[in-house]
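Just the one chain here, the form predicted alone, laid out as structure tokens.
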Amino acid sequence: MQDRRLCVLNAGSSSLKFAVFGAGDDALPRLQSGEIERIGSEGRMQVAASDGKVLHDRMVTTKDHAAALSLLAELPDGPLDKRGLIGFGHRVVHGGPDMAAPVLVDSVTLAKIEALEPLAPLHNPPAVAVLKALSDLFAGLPHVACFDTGFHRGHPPVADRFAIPDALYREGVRRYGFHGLSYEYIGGALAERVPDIALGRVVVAHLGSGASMCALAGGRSIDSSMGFTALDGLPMGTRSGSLDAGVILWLQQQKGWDVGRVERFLYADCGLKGLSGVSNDMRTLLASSAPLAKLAVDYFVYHVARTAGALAAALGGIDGMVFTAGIGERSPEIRSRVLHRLRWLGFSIDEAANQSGGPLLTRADSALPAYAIPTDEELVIARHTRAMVQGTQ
């Protein structure tokens, strides 16, 4: 391994993804990556080198994220090998109203992140658990928190606010937007690969188990489909997406559901899983002949296209579109169906190019271009982490 390295961690509710980057090279080469799945029960630990060679692959049983980190720390030449390690970067989903840029984590910032746990109950708590466990395992090494909400700060007030009293806005009840690290990467990738539209008006669709869309103008976010929490906007794997607040009142008043049950319902039992009654996985739904599975796919496509139109209106026009993340990068059928719904905007899909993964998905005579571009949130975190760690040395 290179002499200077940094480790990036992305903690999910029951998983831990990680990547190791060489910090002595301007290009920040990826040296290792992997994941521990199904934390809290029997799961799988995988670590691979940059060339795809499998370094470790075995079933493991972990009680919590701290136990998962301990397993990684025991691996010879693993992601937590102390030799040359200069710091850690962390994906933190919600930064609230005060943390709009990456921060070096100390007791004050950690307390602020913990206080935001009710706004991101699936994501912030495991990130905090990893931060605390790593601080115990590697005392003295710096940690940098990078927030998915940060990229969206600076939206105009009409996009940033809800139609509620100003006092609540000043308390932090506002539209934050999420998947910002992904959108930051796509903005940079467009500048390198498609400069003709990078400074224009682009709608980006981050479509995965968690899904959102963003309006970029000149590479900056001006609006997003997600709002106060990561429940808003598009239907997702198990999350509802936009929902009339009256439905929540009805569940509480007519069915007697308490807050805990409503929260579990909205985060775990809705979205594609709830609508289809079959699965939260788009691949399973596309392969299913069940009527409700077909409806769930149609519903997802409809709302992606509908949101693209709304964001194009927010931009005052559109110069191109990008699909990214798991579904956006790997599902030609979903891309095709969305672009066919957006023919009125000027997209003419090249089906052969779409089937092969692009990156350009549209025909030469298409009025507007559409692209499939893989995202790399870990690289964005690594860039911010190195900059902040070097600033402390």
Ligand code: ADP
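A quick note: this is a predicted structure, and the numbers were derived from the prediction, not measured. When you see a residue number, it is the position in the sequence shown, counting from 1.
If you look for the form predicted in complex with the ligand, you will not find it shown, but the lines that follow are about it.
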- Would you mind picking the one in S182, N280, N124, S240 that has a heavy atom within 4.5 Å of the ligand in the predicted complex? N280
- Name the residue from V47, I39, A325, L368 that puts a heavy atom within 4.5 Å of the ligand in the predicted complex. A325
- Please run the contact check for R341 against the ligand in the predicted complex: heavy atoms, 4.5 angstroms, yes or no? no
- Partner contact for S276 in the predicted complex: the ligand, 4.5 angstroms, heavy atom: no
- So in the predicted complex, does any heavy atom of G271 sit within 4.5 Å of the ligand? no
- Query: Wondering, does G150 line up within 4.5 Å of the ligand in the predicted complex on heavy atoms?
  - Reply: no
- Listed range touching the ligand, judged in the predicted complex by heavy atoms within 4.5 Å, from 310-318, 107-115, 250-258, 203-211: 203-211
- What residues of 16-42, in sequence order, lie within 4.5 Å of the ligand in the predicted complex by heavy atom? K17
